[in-house]
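Next up is one chain by itself, shown in structure tokens, the form predicted alone.
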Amino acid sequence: MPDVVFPDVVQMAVPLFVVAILLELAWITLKRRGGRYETRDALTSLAMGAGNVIEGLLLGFVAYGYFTFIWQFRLFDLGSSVAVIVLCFILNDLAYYWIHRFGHRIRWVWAAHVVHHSSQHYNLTTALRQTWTGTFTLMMLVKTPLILLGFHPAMVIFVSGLNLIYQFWIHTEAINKMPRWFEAVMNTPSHHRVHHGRNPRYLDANYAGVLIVWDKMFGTFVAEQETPEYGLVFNLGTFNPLRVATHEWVGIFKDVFQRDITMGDRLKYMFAPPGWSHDGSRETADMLKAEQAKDSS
């Protein structure tokens, strides 16, 4: 067990989230720039955030139970010194990068993550628009190496909370650019606006949580150029939280159980990139980006 008890930092940060949202709203209202709030959209985001908290209370034992189980097979016990916590934070951020990338490249995982991209606005309430079904993607498996290396499950959950808190402030248009050295290393509002853009050049880019260096290392970094258009390639047109939470799962079910396709096709409808179709009637992000590149050449 770790030498220290790790607090629930996300719960502790909730009052700061509320204050920050109010300050951003006041700034936008007074300055008439830096983003836009739409009441129904913001309320939907808040409802999705509340549902995510409930999911954590009901199903959080799944990830923690898994981490606790594999902890017995750890190679080392690294303890809980400050240096170990910092190292855990960095490696967890790398794991987050891959979880996030899988969330855009594997439809089964996208079915949960798509919720976060469903708003056509970009403000601090968008950060709270989170999935209700993340547990079912089993992406906690990606963090297995952290536990086996000797980072205690409680520490991994703690640094994951810090990662989530960091990402809150980057969901804003009120901040244009940070200093150049900061933009070079850290994820920023500018970098994350790209990630939320539905512009073809912005699709599947900037997966970083805290450190943008992962995107630069793995070839997924795109700098902000034209103003992003936010939302999905095909927007939902609804503020119903239940539909927002489940629409892609419903789509997968319909695709998988359609008639006259092979078992391979059924599996691809679950695990191929979003937009894949057996008859080529839809377009993936790669196809949309290729078309955009061709049109601009």
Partner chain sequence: MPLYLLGPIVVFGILGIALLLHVLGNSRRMQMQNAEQVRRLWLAQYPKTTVTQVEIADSNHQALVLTDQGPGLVWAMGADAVCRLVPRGCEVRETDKGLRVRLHDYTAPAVVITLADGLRQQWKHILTGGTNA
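Numbering follows the first chain given and starts at 1. Everything numeric here is computed off the predicted structure, so don't read it as measured data.
There is another form of this protein, the form predicted together with its partner chain, and it is not shown here; the text below is about that form.
Trainee: Which of R101, K216, R74, R198 has a heavy atom within 4.5 Å of its partner chain in the predicted bound form?
Mentor: Going through each option in turn, the one that passes is R198.
Trainee: Which residue among L46, I70, A272, V62 has a heavy atom within 4.5 angstroms of its partner chain in the predicted bound form?
Mentor: Result of the distance check: L46.
Trainee: Quick one: H116, A223 and A293 and its partner chain in the predicted bound form, is every residue within 4.5 Å by at least one heavy atom?
Mentor: Not a single residue of the candidate spot has a heavy atom within 4.5 Å of its partner chain in the predicted bound form.
Trainee: Can you tell me if F257 lies within 4.5 angstroms of its partner chain in the predicted bound form, counting non-hydrogen atoms only?
Mentor: No.
Trainee: Can any non-hydrogen atom of T39 be found within 4.5 angstroms of its partner chain in the predicted bound form?
Mentor: It does: once its partner chain is placed as it appears in the predicted bound form, T39 has a heavy atom within 4.5 Å of it.
Trainee: With the partner left out here, check for me: in the predicted bound form, does some heavy atom of H191 sit within 4.5 Å of its partner chain?
Mentor: Judged by the heavy-atom cut-off of 4.5 Å, H191 is well away from its partner chain in the predicted bound form.
Trainee: I'd like to know whether L25 contacts its partner chain in the predicted bound form, with contact meaning heavy atoms within 4.5 angstroms.
Mentor: Output for L25 is yes: heavy atoms within 4.5 Å of its partner chain.
Trainee: Which among 119 to 127, 74 to 82, 104 to 112, 89 to 97 is in contact with its partner chain in the predicted bound form, heavy atoms within 4.5 angstroms?
Mentor: Single hit among the candidates: 119 to 127.
Trainee: Taking its partner chain as it sits in the predicted bound form, which residues of 199 to 238 have a non-hydrogen atom within 4.5 Å of it? Please list them.
Mentor: V233, F234, N235, L236, G237, T238 sit within 4.5 Å of the partner.
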